[in-house]
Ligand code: AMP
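Single chain ahead, by itself, as structure tokens, in the form predicted alone.
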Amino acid sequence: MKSIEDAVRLRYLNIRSDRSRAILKIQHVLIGALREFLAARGFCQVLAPVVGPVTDPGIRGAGIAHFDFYGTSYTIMSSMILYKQMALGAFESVFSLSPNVRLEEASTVDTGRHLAEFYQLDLESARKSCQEMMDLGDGLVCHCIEAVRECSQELDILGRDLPSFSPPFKRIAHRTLEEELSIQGEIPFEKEHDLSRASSEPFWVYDYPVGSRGFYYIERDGTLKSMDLIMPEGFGEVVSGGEREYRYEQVKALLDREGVAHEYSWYLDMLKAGIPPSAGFGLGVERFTRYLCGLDHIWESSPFPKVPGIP
């Protein structure tokens, strides 16, 4: 922890190193490849919100940053997931490079993959399914890996031998892991890490149990239509998403049950006015950078790292 704290505090110096320059060049190429892939498939880029009256509540125990916005309590975005659905009123398919702040517990620094401030590729597409989003994710990840492979000089500096993968990636129903891992709901970080280390290729976990995730995932056949992409070598989850609940009555009932419907008044008004069914996901830019570069800790994948527990 101390060495990470020292490195973060001296970022103004170590950002000048060949190593840091190589990581940030690979990240630059990655961001270009993400945009290229999605634009070629009809996705329109929209600007992400930084603040709003509400944000994503389903962030696995991380805190949300609140502040006074002209006399009204606002939040800094932990995810623009609710706002992606709004953007579908303008376009059939949208994406954004979305800044997020999540006040993670200081202990998460030990996972090597948590930042308190990070960027996420957020995308959403009307009338799509989980299966179609997993297909899209397969192609997106493979496209980006091949684009970064062209950064041979930077990969050499990092000592990274980047593997190749071919879609489709393996898909594992959550229920098949429940008995194997003795879990219910979200997969604990340490068990996810073990699954990741044991795999030589990326794989999806899909159909999470009801109640394990946010109110915005639709329920079908007794499961939430949600999925995560786990990268190999212990790097863990880099993509999370699913099909959205878009029906006003169902969302209103869920929020009433939690006693927070009043906080989501604008969102409920939007659903009442009608939006299309959709599916989408978020891809952690720094997490994917960490995988591409083979980094021990995610702080190196941010030019200006904000690490949990280090003010």
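So that there is no doubt, residue numbering starts at 1 and follows the sequence shown. Nothing here was measured: the structure is a model prediction, and the numbers come from that model.
We do not show the form predicted in complex with this ligand, though everything after this point is about it.
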Each of H114, L283 and I298 having a non-hydrogen atom within 4.5 Å of this ligand in the model of the complex: is that the case here? yes
The unique member of L140, V94, V238, L224 whose heavy atoms fall within 4.5 Å of this ligand in the model of the complex: V238
Considering this ligand in the model of the complex, find the one stretch among 126 to 134, 168 to 176, 98 to 106, 198 to 206 with heavy atoms no farther than 4.5 Å from it. 98 to 106
Just checking whether R287 would be counted as a contact of this ligand in the model of the complex - the rule being heavy atoms within 4.5 angstroms. yes
Within a 4.5 Å heavy atom cut-off, is F118 in contact with this ligand in the model of the complex? yes
